[in-house]
Structure formats: C-alpha cells, structure tokens
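One chain comes next, on its own, written as structure tokens: the form predicted on its own.
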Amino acid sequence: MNRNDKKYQEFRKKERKRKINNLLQNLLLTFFVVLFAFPIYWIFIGAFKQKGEFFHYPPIFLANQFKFDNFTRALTLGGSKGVTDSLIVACIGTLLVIILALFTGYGMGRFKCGGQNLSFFVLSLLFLPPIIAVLPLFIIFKYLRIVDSYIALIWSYFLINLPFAIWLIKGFIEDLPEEIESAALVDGYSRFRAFWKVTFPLIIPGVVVSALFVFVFAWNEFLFALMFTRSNVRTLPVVLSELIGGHGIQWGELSALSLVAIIPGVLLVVFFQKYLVRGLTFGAVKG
C-alpha cells in the first residue's frame, strides 16, 4: 500500500468518525429538545381537550377538535383579572427598575461610585433568597395599609429585581470604551447628553436583556403575590394555583391559562430577538 492509499484510508477513518460524532450530537440534541418541549406541547394539547379526555387511557396526544371552551372558562374564573394584574405589576415594576438601575449602573460603572464595597454589596444581595424578605415586607405593608394593592407588589418586585438589574447594566457599561463618551464631551456635549445620545443607544441590547429578565421574574413570581394579595389584586400565578383544589384539579382551565401565561415571554423573545442576541454576547468579543 503506497503513501496515497494510506492517506486516503486515514481520511476515510476521520470522515467516518466525524459523521458518527455528528450523528450522536444530533441524536443527543434531539433528545433534549423533545424532553424540554414535550411539557409545553402537553399544555398546548391540554388546553383544547375536553374533561373526559384527560383521564383517557391510552393518553390522547392529538386533540380531536380545537375548541376554546377551556379558555373561556379560565378567563371567567379569574384568568382575565390575573392577566391584567400581572401586566400592570410586571410592566410598571420593570420600568421603575430599569430607570433606576440605568443611572445607578452608569454611576458605578463609569465613576466607581461607592468603590468596590458598594459593588460587592449589590452583588451580595443577589445571593439572598427572596423568601427572607417576605415577613419584614409584610409587616411594613401591613403598617402602611397597602397589603392587597398594586403598590405592595410593585415595591416588593422593585426591591428584589433592582440589584440584579444594576449588576447587569453596570457590566454592559464597563464593557463600553470610555473614549466614546470622552469624544462626545470634547465636542461640547454635557455629561447627561453624552450618556443619552452616545452611551444609551450602544447599550440598548443590554438594557433589553435586563428588562426581559426583570419582567419574566415579576410575571412568574408566586410567593410575594400569594402573601401580599387577597382579592383586590390577584396575579396570574395566584389564579393558576386556585385552579388546583382540594377536591379536584381543573385540568382544562389550568392548561388553557398556563398557555396564556407563556405567551408574553414568547412574544418578547420573538420581537426583541435581535437585541437579545447582541445583549447576551455584549463584550464577549472585543476588537
């Protein structure tokens, strides 16, 4: 066997090994996609099933007909109020958090306000489980007579999400070269105008990522909503929990309302996909 034949055999072995590795990777990827996507698919199918179909054996994996009765009943049983209250709390809370985190993160990232101690303090707040704040906040809200109000939930989500948003935006600002702002200041811009006209447009992807994380937390949060609300305010997670009773579970309404709860997050990811990709990779590659 000459040298060319040996090289050809080695090439064939490497090519066969590469194809086998690709096949195994694709199979593994397909397995995990199916594993994580199946619960969502099951919720989707359950939203259109009739009562008897949930207990059918073998299980029904395809809906015979798509009726919206479960959605109608779910919205009637408090789902519409849950969606409205969740949107109000999540949107206002996210807006307040991002506004304050933007200026605080800018001060910490550009001027090192508070030094390393303040940065470490903000980071340490992320290590605390939110449950430790329930009792102190409840006592304060009870004293102020704002339990079962939008203010209580918005304030609690604001306190929990603010350190996280500050730390994210601070990192995005630190990754942005300071020379860009210096050039704007030389051109006669004020500090605020340089920030608004130069820095802010460049960190929009980071702001979008931060806002999305904050919104999703407020939209899905259950513990604070359960403890700080009664009847005036009932967010979507609380309404979902009420569909699971001691004498039975309303599977159809629960699946329909769960599907409704998924929609805002999916829409945000679809609409802001360009900013999300840029924001999640911000500062990863530097020229």
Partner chain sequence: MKEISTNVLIGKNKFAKLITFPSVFILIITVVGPFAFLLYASFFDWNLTVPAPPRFAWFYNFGLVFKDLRFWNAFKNTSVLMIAGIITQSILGLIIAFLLNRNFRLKKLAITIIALPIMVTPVVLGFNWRIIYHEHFGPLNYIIRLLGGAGSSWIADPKLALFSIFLVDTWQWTPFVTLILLAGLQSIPRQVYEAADVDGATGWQTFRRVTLPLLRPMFVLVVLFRTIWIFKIFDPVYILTGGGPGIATETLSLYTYVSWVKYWRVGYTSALGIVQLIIMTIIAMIFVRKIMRRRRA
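Definition used throughout: the rigid core is the maximal C-alpha set that superposes within 1.5 Å between two forms. These figures come from a predicted structure and were not determined experimentally. Positions refer to the first chain, counted from 1.
What follows is about the form predicted together with the partner chain, which we do not show.
Considering the partner chain in the predicted bound form, the lone stretch of 197 to 205, 127 to 135, 87 to 95, 70 to 78 in range is 127 to 135 [heavy atom distance within 4.5 Å]. A heavy atom within 4.5 Å of the partner chain in the predicted bound form is found for exactly one of Gln50, Asn220, Asn64, Asn232: Asn220. Although the partner is absent here, Ser149 lies well away from the partner chain in the predicted bound form, with no heavy atom inside 4.5 Å. Interface membership of Met108, defined by any non-hydrogen atom within 4.5 Å of the partner chain in the predicted bound form, is confirmed. In the predicted bound form, Ala101 approaches the partner chain with a heavy atom inside 4.5 Å. Contact between Ile166 and the partner chain in the predicted bound form is found at the 4.5 Å heavy atom cutoff. Within 4.5 angstroms of the partner chain in the predicted bound form, the stretch 175 to 198 places a non-hydrogen atom from each of Glu178, Ser182, Leu185, Val186, Arg191, Phe192, taken in sequence order. Once the rigid core is overlaid between the shown form and the other one, Gln50 does not reach a Cα shift of 2 Å, moving by less than that. Relative to the superposed core, Leu28 shifts its CA atom by 2 Å or more between the shown form and the other one.
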